[in-house]
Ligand SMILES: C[S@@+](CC[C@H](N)C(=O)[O-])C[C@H]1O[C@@H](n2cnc3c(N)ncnc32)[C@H](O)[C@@H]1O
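Have a look below at one chain only, the form predicted alone, in structure tokens format.
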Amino acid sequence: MQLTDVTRARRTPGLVVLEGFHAVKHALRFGGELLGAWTADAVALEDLRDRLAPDVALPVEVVALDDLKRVVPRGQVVAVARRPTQPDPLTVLAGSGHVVLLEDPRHLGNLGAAVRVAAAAGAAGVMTTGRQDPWHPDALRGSAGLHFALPVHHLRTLTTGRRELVALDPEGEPLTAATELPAAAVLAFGTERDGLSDELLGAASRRLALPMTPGVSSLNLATAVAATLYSLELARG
């Protein structure tokens, strides 16, 4: 594969484009298969690898900086990988651990950041609804490649299996250290502007609210996911 194939790879099912060192690092660390990787500064990239990821090998081809910028203006390195085979949604829902559900997320960077948080907090998976592709290169950049660390799926129709659906909603009961939930719930988060839809709120068996200072009306999506997952983990003791 050549650097000029990156643009086509963005539109090719089964392939993903990884922009930046951390995205490539995590893809490799969690078993990703690279089909090609390119940098304009092999020395700087190797320095990063030595300091931040000595456990992974970074097989890269050195290209001219102008050529690299034509395909990834923001990144020091770009790579193309096969999209990993992951457990299907029903298998994920039948397993253990909380599943994060993002209803119609609008901003790909926030979507990716939520995936990154979910991976760090040990969630069982992330599922999205709506128009955005959770495997878009911008989402992968936001997750620092941690899509490879846990299942990430786009749902055409909402399904929660046999799990309890818990909606994060400002009108819900406050989430505290005493809050008890099943060990494997679906935690639903809406957009910063509109929150969750009436349909999803109606389907939820419970609503929880993150306490906020009066006058603060919402949190960034990834921040809300982080606060919720870590609060529940601390509550479990």
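In this text the structure is predicted, and so the values were computed from the model without any measurement. One rule holds for the numbers: they count along the sequence shown, beginning at 1.
The following text describes the form predicted together with this ligand, which does not appear among the structures shown.
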query	finding
Triplet 168, 193 and 219 all within 4.5 Å of this ligand in the predicted complex via a heavy atom	yes
Heavy atom within 4.5 Å of this ligand in the predicted complex - residue from 210, 35, 48, 56	210
is_contact(residue 27, this ligand) in the predicted complex, heavy atom dist at most 4.5 Å	no
Any non-hydrogen atom of residue 224 within 4.5 angstroms of this ligand in the predicted complex	yes
Non-hydrogen atom contact residue 186 with this ligand in the predicted complex at 4.5 angstroms	no
Listed range touching this ligand, judged in the predicted complex by heavy atoms within 4.5 Å, from 39 to 47, 63 to 71, 194 to 202, 176 to 184	194 to 202
